[in-house]
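Single chain ahead, written as structure tokens, the form predicted on its own.
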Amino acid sequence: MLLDLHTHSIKSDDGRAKVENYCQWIKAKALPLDGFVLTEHRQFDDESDYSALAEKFGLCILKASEVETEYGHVLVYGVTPELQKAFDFASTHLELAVVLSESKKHGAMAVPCHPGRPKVGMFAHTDELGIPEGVEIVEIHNGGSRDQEDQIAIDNAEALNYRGIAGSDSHIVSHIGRCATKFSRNINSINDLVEALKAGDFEAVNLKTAG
């Protein structure tokens, strides 16, 4: 399965895409995606139920979160009510160590995203703050990356033995599917996704340059 692991809808403060429009775009443009994960900024969207849309369009639609730490932004997959009590998802000053440890404690997976980006990427802070402990996976292909941001992520991930995922980081409909992550197993739930991530059963794909 090919899943876009980093997308934003109108639920995010800077998102301009409706989830149904993402689905329509994927089908209209015959994108190779089997689904996508909504990683809304500084929150976990408990309210929205996308199961009807998923069934209508034959897509896997999952929910996660993007939080903010001193090392930059971090995607959190496998958010539970207990994890939401462990730290304040709305905070812009979370400690990466807390996000990593609490995510692991509650069975989730925390993944620094666009780590090669200035200010909001992890590798922009490692010279000053050091290499954080507990990181296993980072996003190495991001649909919104510029210049050498992805290459910085790739080079550092290789040097530090991190595995890599990919996502479009889409905020508008036409940007979905620029980057995605390929899984050799079926992903039907967020638990399936977390287990595949923990198992290392995935490959980052940059669809901007494919073909």
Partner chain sequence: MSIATLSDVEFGVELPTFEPDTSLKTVGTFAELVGWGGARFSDHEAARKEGLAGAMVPGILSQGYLVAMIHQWAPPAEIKKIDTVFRAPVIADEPHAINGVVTDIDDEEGLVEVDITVTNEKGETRVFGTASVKLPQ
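Numbering follows the first chain given and starts at 1. Quick caveat: nothing in here was measured; it's all calculated off a predicted structure.
The form predicted together with its partner chain is left out here; the points below concern that form.
Of the candidates K56, R185, R163, K29, K29 is the one whose heavy atoms come within 4.5 Å of its partner chain in the predicted complex; the others do not. In terms of contact with its partner chain in the predicted complex, the residue from S174, Q151, S48, Q43 that brings a heavy atom within 4.5 Å is S174. Although the partner is absent here, R16 sits close enough that one of its heavy atoms falls within 4.5 Å of its partner chain in the predicted complex. Although the partner is absent here, S189 is not a contact residue: none of its heavy atoms lies within 4.5 angstroms of its partner chain in the predicted complex.
Its partner chain is not shown here, but in the predicted complex it comes within 4.5 Å of a heavy atom of N21.
Look at 152-160, 166-174, 48-56, 31-39: in the predicted complex, residues with non-hydrogen atoms within 4.5 angstroms of its partner chain sit in 166-174.
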